[in-house]
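Two versions of one and the same chain are coming, encoded as structure tokens; call them structure 1 and structure 2.
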Structure 1
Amino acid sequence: MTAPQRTWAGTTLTDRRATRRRQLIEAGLELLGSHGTSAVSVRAVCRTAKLTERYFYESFDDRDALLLAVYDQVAQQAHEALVAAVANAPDDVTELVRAAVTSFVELIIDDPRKGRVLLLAPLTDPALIRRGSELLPSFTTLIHDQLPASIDGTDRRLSAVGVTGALTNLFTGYLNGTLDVPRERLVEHCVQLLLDAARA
């Protein structure tokens, strides 16, 4: 029994709701990525998005739902960037890995807020912890799957978790400025890391 979608100011109701939802998510990204979880309050999000609280609850059940939406959106973008890079890469394994790493690094350089959402937020925010332990290993898995696999299950897991952590810390350091290193150098180091992990 959906209403006949009568138009309004040239757009339908669903369109306008979707736009507002996007604005809220963008505001959430800004706050989460720039000032951390504690900065993401319903009021702050609405202030940033220039929308009323009423519209918040139009699109999200509660604060946590927004957090998840922000994270999922960024994770989705990262996933797409990786898949695209891997798909377009030449056959050479090293080049493949380099393409994947580069695409990821570019994503988090282009918008460090996204990097922080992806890498840092899920480490401590209760609402995101489960999500975080799904995505980042899948980053490693995505690449591992492209490579000859001859390692036993547990070691594979240990290795994946380790490599993931190494990459996380390297990227995080790069984001913070803690790790002052040219981008190519960072990329190259990560590539070697992944190749070594796959060989071992």
Structure 2
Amino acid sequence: MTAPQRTWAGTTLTDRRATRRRQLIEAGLELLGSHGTSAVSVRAVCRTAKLTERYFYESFDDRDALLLAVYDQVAQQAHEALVAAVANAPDDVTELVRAAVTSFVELIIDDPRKGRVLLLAPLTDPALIRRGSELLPSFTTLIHDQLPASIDGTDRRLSAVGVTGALTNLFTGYLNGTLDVPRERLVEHCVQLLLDAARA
């Protein structure tokens, strides 16, 4: 039988560790999403989180482990936002597509830190290059599963991969400043891109 944990100020050791871990991940998100990979060091993260390095190593083996945790959290939020948008959308393909695009935009453009972590950081930080490649197929699957089943299987897969690549490049360009268009125009273009694939 496990002994009950002692509490301090009304919280257990497990709770306090979880809180410190969240603080470190939030600090990593702020540094990585606002200033890029070069700004993320163990010392900078601890300073931003207002924690000592002892507490950093309580949760993470090294800087790369923190970066992966930050990336995984944002990727999970993006995946959950898309799944929820599709599940709650009206039974109309146009409304479904618009709901999905809007939910993604609200996550990664309205909070551009998250967009930079998800789409820009894997282009430059070795710790995230592989993880980004590993997670991309899950977003492709989301698009694939929403395309009409009447589409030939091979065409369906090709369309899903092609649309995912196009959307990734569009959002990457918008976030890094090479695609200078109004937010609303970007949303409409992405909606149309997905509708064209669904109606192919």
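Just so we're clear, the structure is a prediction, and the values are computed from it rather than from any experiment. Quick note, the numbers are simply positions in structure 1, starting from 1. In this text, rigid core is short for the largest set of C-alphas that superpose within 1.5 Å between two forms.
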query	finding
Form selected (criterion: the form predicted in complex with another copy of the chain)	1
Shift of residue 69 between structures 1 and 2 at or above 2 Å (CA, core fit)	no
Rigid core superposed: residue 178 CA moves 2 Å or more between structures 1 and 2	yes
Rigid-core-fitted C-alpha displacement of residue 160 between structures 1 and 2 (angstrom)	4.4
